[in-house]
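Here we start with a single chain on its own, the form predicted on its own, put down as structure tokens.
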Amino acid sequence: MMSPKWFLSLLLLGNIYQVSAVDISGYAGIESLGFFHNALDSQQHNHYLSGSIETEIYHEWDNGTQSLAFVPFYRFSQHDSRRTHFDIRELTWLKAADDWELRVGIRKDFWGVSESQHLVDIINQTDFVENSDTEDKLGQPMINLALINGWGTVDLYLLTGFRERTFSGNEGRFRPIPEIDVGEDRYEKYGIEKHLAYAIRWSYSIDNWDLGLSYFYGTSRDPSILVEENNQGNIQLIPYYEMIHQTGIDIQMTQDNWLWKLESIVRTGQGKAFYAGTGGFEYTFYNVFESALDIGIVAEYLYDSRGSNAPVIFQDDFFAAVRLGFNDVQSTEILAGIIFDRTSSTKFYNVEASRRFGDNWKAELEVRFFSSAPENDPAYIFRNDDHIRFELRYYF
């Protein structure tokens, strides 16, 4: 019979083994966000300081066929209370087999290939208070079954909860005047139809081609903005979430130094049915001047069939950029580009740079300018929001 002493020792060893099998990583960062022009609203500020932390806790078992990932995120922001927020980016259980994978929980799933915008990427809601580039996403509750075959992978999604888009508060920047009233969110349908959405995507890689075909039905992640007058006679901007059908396709072809990209969607449910597309290429010069420097030339065209009536910034625009990859130990990268509206002559300039320092530190710099937007252009609300963002992160 096992003595209590031996039993406690084995129990302790078991606990140590369980803890050692858990991988913990993440980062903590501090961000400085400064604006070159005074705000249009006296409640807003010219500088914001914030800090963020994101941790990933990962554990796998059953010979690696099952895993659990937990990724919480928190940001504390000076001035803008809505930018101070907590989110579970991921809390997912995964079961993998030879020809299928089942994921249950909260997660992020990215679709798309283009550089300037991601039209087909619809699973997750945009975390707009994080960054104006719309790249940051909120965690989405879901059940995802992937069926893996020789002719491609079919992903089936049941999206079991709706996330409202985040918007800046009355002291925050990147917002219209007045600020969007998120407390008055409205929906085309309520109850279970508001919370549930369905999606399916087929993806396949053959030779130099990566193909994706997707379909989504449910509450739109992109709200329309209603302009109304409240009981006090003040203007209110209210998010309105419609039910939509969206069919999308994304294609990427790699050939030598060329990378050709196309994303397009057809959507119904937000007024008349419309089509939007983004397509272009990236050509890379490798080892320029017999150095480690790579120079990529990116060009894309952005189109929306709604034209000037579209409630989006990009309807008839060209995007051109230069990407510099230094291939050094510090992973230094620079992307500088411009988006030019062919109709209104609105210009959007963007510079992004990043560099690692040592084994644990990374610095990121972003500079963005909005130029020449007329009053009838959706970009007009950002006319005083030229800014520079610097973030220093420590990875652990």
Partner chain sequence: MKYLIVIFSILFSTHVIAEIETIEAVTEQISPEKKGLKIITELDKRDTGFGDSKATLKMRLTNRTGKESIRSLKLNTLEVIGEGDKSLTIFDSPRDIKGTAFLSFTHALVPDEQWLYLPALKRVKRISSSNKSGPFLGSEYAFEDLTSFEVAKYSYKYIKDEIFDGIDCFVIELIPQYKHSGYTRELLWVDKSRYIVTKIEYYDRKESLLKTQLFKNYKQYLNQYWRAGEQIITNHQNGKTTVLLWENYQFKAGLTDRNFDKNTLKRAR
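Numbering follows the first chain given and starts at 1. Not measured: the values here are computed from a predicted model.
Note that the form predicted together with its partner chain isn't included here; everything after this is about it.
Colleague: Is every one of Asp98, Asn208 and Lys362 in contact with its partner chain in the predicted bound form, taking contact as a heavy atom within 4.5 Å?
Modeller: Yes, the whole candidate spot contacts its partner chain.
Colleague: Heavy atoms within 4.5 Å of its partner chain in the predicted bound form: which stretch in 86-94, 303-311, 161-169, 232-240 meets that?
Modeller: Answer to the contact question: 86-94.
Colleague: Can you pick out, from Arg221, Arg267, Arg103, Arg173, the residue that has a heavy atom within 4.5 Å of its partner chain in the predicted bound form?
Modeller: Among Arg221, Arg267, Arg103, Arg173, a heavy atom within 4.5 Å of its partner chain in the predicted bound form occurs only for Arg103.
Colleague: Only one of Ser132, Gln78, Gln252, Gln125 comes within 4.5 Å of its partner chain in the predicted bound form by heavy atoms, so just point that one out.
Modeller: In short, Gln252.
Colleague: Since only the chain is shown here, I'm wondering whether Glu60 would be in contact with its partner chain in the predicted bound form (any heavy atom pair within 4.5 Å).
Modeller: Glu60 belongs to the contact set for its partner chain.
Colleague: Using 4.5 Å between non-hydrogen atoms, is Val182 touching its partner chain in the predicted bound form?
Modeller: No - in the predicted bound form, heavy atoms of Val182 and its partner chain never come within 4.5 Å of each other.
Colleague: Please check if Ala292 has a heavy atom lying within 4.5 Å of any heavy atom of its partner chain in the predicted bound form.
Modeller: Although its partner chain is absent here, Ala292 would touch it in the predicted bound form, with heavy atoms inside 4.5 Å.
Colleague: Just checking whether Val113 would be counted as a contact of its partner chain in the predicted bound form - the rule being heavy atoms within 4.5 angstroms.
Modeller: Val113: contacts its partner chain in the predicted bound form.
Colleague: Taking its partner chain as it sits in the predicted bound form, which residues of 310-338 have a non-hydrogen atom within 4.5 Å of it? Please list them.
Modeller: Residues within 4.5 Å: Arg323, Asn327, Asp328, Val329.
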